[in-house]
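Presented below, as structure tokens, is a lone chain in the form predicted on its own.
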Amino acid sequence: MAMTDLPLATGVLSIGDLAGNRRRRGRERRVRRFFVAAALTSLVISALIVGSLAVEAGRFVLSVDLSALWTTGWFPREGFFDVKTLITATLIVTAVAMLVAGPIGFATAVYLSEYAGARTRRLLKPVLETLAGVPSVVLGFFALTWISPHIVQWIEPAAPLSNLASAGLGVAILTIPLVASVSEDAMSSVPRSLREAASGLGARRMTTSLRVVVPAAVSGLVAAAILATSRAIGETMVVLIAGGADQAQFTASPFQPSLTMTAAMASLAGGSDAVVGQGNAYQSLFFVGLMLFLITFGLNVAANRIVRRVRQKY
């Protein structure tokens, strides 16, 4: 095509020339509509899930005596739905898991980001991510048969084989790769110029890591901690196998068996045919599920606000 054939060559440029190819515009409209439909579908599915939980949970609250929600234990088939038993056990397991997974995962991230060579990083990062792929039922059995007798009962000889501490340690093993991977990605995204500036001022590598890189990546580290906490709260199989039975007496000791919210739902719904017809036991599943949703939703909202507040842009 000669230059004289182009609109710019003649100095004439119409609206049609700026609009582009008609078929390409049609394809872009169809793609946009597809993505909008996918986004709306996810919103509708989420709304239906939350709506079903809210409706059944409302029926449960209206049909049960409120005094049954604050008793001495979680015995749903007998009409005792003590929520503090489930919430306390969930907090204990989560606290034990994060007290172990937080420091170990953070230290692993610092090593991978600031100290490990390229070859070591290429070797350890896939191994760490593979650990995250270990089935939770395997970790639950490991927590019950090895962690509890060799670690927990060594600390507290009077502890039974099933206890919240062993469940928390099992969840910690499951959570360490998540903390380490997300934290390492956040620290690796810090501009290298900050490290070079600190080194130019005479800072040691440890000082650079803790005084420069960590504060610069604090938004990612907070996000990793909140994400790992949500993961620990939502874990089911490890706490179901290692934490206790299908009913639980209230306890605030990590060395006693109990049920978290997820474990209570799994154990009660294990025989769904038996759950139906047991008074309010079936509806209690939706009540606990709604509480779990509200807790995790609150954590995500808090995480977004914290990350926006402490985020640093370079």
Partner chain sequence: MAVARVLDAGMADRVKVSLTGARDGRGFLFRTLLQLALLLTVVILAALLVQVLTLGWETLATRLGDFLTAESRSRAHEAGVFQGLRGTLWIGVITTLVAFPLGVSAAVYLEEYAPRNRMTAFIELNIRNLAGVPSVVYGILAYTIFVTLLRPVTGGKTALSGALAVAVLVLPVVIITSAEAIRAVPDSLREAGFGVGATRWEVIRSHVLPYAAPGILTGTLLSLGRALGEAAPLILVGAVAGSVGYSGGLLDPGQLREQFTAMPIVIATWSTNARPGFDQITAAAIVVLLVVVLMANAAAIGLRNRFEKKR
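Residue numbers count along the first chain shown, from 1. Each form is matched to the other, and the largest set of C-alpha atoms that superpose within 1.5 Å is called the rigid core. Predicted model, so just to flag it, every value in this text is computed and none were measured.
Below, we refer to the form predicted in complex with its partner chain, which is not included among the displayed structures.
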Heavy atoms within 4.5 Å of its partner chain in the predicted bound form: which stretch among 201-209, 152-160, 82-90, 67-75?
201-209
Verify the flagged residues 182, 228 and 255 against its partner chain in the predicted bound form: is each one within 4.5 Å by a non-hydrogen atom?
no
Contact of residue 99 with its partner chain in the predicted bound form (heavy atom, 4.5 Å):
no
Exercise: residue 145 in contact with its partner chain in the predicted bound form, heavy atom 4.5 Å
yes
How about residue 63 - does it come within 4.5 Å of its partner chain in the predicted bound form, if we only consider non-hydrogen atoms?
no
Applying a 4.5 Å heavy atom distance criterion, does residue 240 contact its partner chain in the predicted bound form?
yes
What residues in 36-52 sit within 4.5 Å of its partner chain in the predicted bound form, counting heavy atoms only?
36, 38, 39, 41, 42, 43, 45, 46, 48, 49, 52
For residue 292, state whether the C-alpha moves by 2 Å or more between the shown form and the other one after rigid core superposition.
no
Rigid core fit then residue 66 CA moved by 2 Å or more between the shown form and the other one:
no
